[in-house]
Ligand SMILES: Nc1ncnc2c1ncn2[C@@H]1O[C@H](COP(=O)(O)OP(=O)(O)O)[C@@H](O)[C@H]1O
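Next up: just one chain, as structure tokens, the form predicted on its own.
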Amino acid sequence: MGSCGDRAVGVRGLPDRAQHARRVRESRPRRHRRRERHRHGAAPPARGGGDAARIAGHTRWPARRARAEHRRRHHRRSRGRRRARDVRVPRGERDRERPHALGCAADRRARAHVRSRPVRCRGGPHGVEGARVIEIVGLTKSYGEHRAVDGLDLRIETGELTVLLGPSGAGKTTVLRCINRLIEPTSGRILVDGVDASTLDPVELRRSMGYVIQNVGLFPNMTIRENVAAVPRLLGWDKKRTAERVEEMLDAVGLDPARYGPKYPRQLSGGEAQRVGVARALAADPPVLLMDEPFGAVDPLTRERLQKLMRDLQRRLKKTVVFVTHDIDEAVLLADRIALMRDGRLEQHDTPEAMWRRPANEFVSRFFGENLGLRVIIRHCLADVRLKPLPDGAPDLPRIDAGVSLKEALAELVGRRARALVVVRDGSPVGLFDFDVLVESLAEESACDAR
């Protein structure tokens, strides 16, 4: 051991502390020693060997310069790999349609550029853009020897709300999932506006149809606004159009966009979450809406409010809706037509009034029971029936609006213990409603068949 001033040095002329550090470094594996040299300022080993490698191994660079050179080389390599692996879309164009995200071959060939408007997948002669009529021809779905659906024939007209009704295991949900190809049928065809659904791209087919399920299915990591905007973003809508549509749909289902938009699904009640589910299904303005027992998991009061909301939305929007339920009251309230199923077969497809007056068989009659007539009156309002004329002078009787249902009018008549009610439209009396008017309206087939 020698000396260098007052400090002890090792045999190589280094201070003891530096010599200890060097011994620690040399005891590590070779790959770790190479990293230590870079960290302490040595130049990265030159490639190619010879004098260049020898010079690089003995040249001392400033640590800052060595780290900068290392970052520069690493960034260059990673940037090259990223460019070879994927093509990034500029931030300003991310909300436009990216053709390579679509399913058909014609649109994939357009991936070299980004278009300024959404590109639709043309899966058939007419595509799915104008889809309104759904026709099911000989649909069969088998699971082994069990037939969940057995030779079903059904036609759902434009703008019509058809309810698939029946006992558990009748095949209602299976039919619904075959329409948007979540389940592939064993045999038969489903025509969407005259085009066989099996020839359409399944992803584009599902995007053209709204879908609402009992458990809502909201994305828990997204806000309510982002949940409603999910499908429009997939379809390539621009930000302004998407934001306007989100505001419109939240307003339509009775939710304040400023209050509910920033919330997450866990912060909503069951009824509010179902409203968001309906808003999301309608956000992209699909011509077809599929609903699988959407109001089955909420309390009766919330369920009644959601049913009235759905009825009002359908009257305004006129979508082609397929609605699955096992609740007779819900089916009678919402349906334009009911498709009653049993064991995968169709028993009767008609309006609730026609099923009440002309049941197709004994099963239909027993399924609805004897009080179907009382259930039917909820579908009609006082403006649909023939009222008694007003007597001379102003009668001192309770008043009721002409827009309420016959069921509500009957409850009001019984609750007030009145012999009659004065029906008012726009503030002016138009006639009298009493038990005789109700009985005559139920007896007249034309009065209750016109909805």
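The shown structure was predicted, so the numbers you read here are calculated from the model rather than taken from an experiment. Numbering starts at 1 and follows the sequence shown.
Although not depicted, the form predicted together with the named molecule is the subject of the following passage.
*Asks:* Heavy atom within 4.5 Å of the named molecule in the predicted bound form: which of 136, 283, 148, 310?
*Replies:* Looking at the other structure, the residue within range turns out to be 148.
*Asks:* Could you work out which of 167, 220, 369, 300 is the residue within 4.5 angstroms of the named molecule in the predicted bound form, going by heavy atoms?
*Replies:* If I apply the 4.5 Å criterion carefully, the residue I get is 167.
*Asks:* Using a 4.5 Å heavy atom cut-off, which stretch among 242 to 250, 370 to 378, 169 to 177, 354 to 362 contacts the named molecule in the predicted bound form?
*Replies:* Among the candidates, contact is made by 169 to 177.
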